[in-house]
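First, one chain by itself in structure tokens, the form predicted on its own.
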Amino acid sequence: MELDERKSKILKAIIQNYQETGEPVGSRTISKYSDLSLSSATIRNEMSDLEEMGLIVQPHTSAGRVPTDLAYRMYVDQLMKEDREKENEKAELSVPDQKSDFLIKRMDRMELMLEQVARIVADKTNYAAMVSSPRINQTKLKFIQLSRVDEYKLLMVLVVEGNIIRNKIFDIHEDLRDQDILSLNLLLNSNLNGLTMDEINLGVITHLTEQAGVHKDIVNRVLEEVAKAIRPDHSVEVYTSGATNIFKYPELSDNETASEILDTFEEKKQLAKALSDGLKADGHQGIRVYIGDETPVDSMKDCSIVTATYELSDGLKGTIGIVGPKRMDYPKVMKTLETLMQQLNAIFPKVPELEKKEPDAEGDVNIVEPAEDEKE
């Protein structure tokens, strides 16, 4: 739908004023806020046209107008178009973005870092935030190391795609020399590195067990752990924060609406689906905006959801989502997500150099630190 310049400016003024106040917007208000030198009568005529086009509605007699979902969609699409044009101009002029101070602190425990991200997003935007755990559909094995804990225990360290470390201590029932452990490490890495679960077929397993000889039981234990570590994981953990922020917005704070939204944040199943859909986003910088009935969560049809895809390392992706009223401050929300993406990219380079690191307790999952020169 194409609008002339006058209608575009009036519609933008209505949306921005309604975002700030939550109150229906009248022609007199628009005459003060817009940069058009028009009378209230002229603005009323233009608003009447906008109403016929389905872009604004009058909630009740003698009230001002409020934007419709279609108006918000046009507004958001225009914002994203302008953002792309700005990015292109910066690229042509070689003007880098100004780096903001880091809001995110790197943490070894992934769940703590994602909880932190959700909390920061909720605090910064005053809306509800949700973050999905990252997942990989076809994880590749990068490195295996066996080392002795004591006479009858081995520590196995697996490094998988995304530079995630998984540790496992298991019992052994045979004598192993240091040379035997070295030979097993060489055998496992030369045959398994770079393979996905689908590629570790019966032929690979048979060859490994034959080459391992008397140590085939140890190889079988390693293969079991490798299968657990790189099996495609379709489950999604969701971390949330700021759900009670919805009470700040009258249109969402009536008992029934608020209760449904809070129940959704508590139960999380529908949130996981919305965030999984966000991974398929084709919007600018991976940002996707759902408005009203577009939202994939039934209890949030009176809301807008903005999602962005983050990537901790090659192939390791998840989604950050922000939930608020349809009159949310879209420019601020999208800028917040863009900034977070930049910070995560800086904290987690896409191809970091692995730094050898002592593992934590058995079963811990850590993110491998990049080397110092890579951080700089």
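Keep in mind it's a predicted model, so treat the numbers as computed, not measured. Quick note: we count residues from 1 along the sequence shown, nothing fancier.
Form predicted together with the DNA: not shown, discussed below.
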Quiz item: Of Leu337, Leu316, Leu55, Met47, which one comes within 4.5 Å of the DNA in the predicted bound form, counting heavy atoms only?
Solution: Met47
Quiz item: Considering Met341, Leu70, Leu38, Ile347, which brings a non-hydrogen atom within 4.5 Å of the DNA in the predicted bound form?
Solution: Leu38
Quiz item: Can Gly64 be called a contact residue for the DNA in the predicted bound form at 4.5 Å between heavy atoms?
Solution: yes
Quiz item: Does Ser27 reach the DNA in the predicted bound form, with heavy atoms at most 4.5 Å apart?
Solution: yes
Practice problem: Tell me, yes or no, whether Arg6 is in contact with the DNA in the predicted bound form, where a contact means a heavy atom of each within 4.5 Å. | Solution: yes
Quiz item: Relative to the DNA in the predicted bound form, which residues of 200-222 have a heavy atom no more than 4.5 Å away?
Solution: none
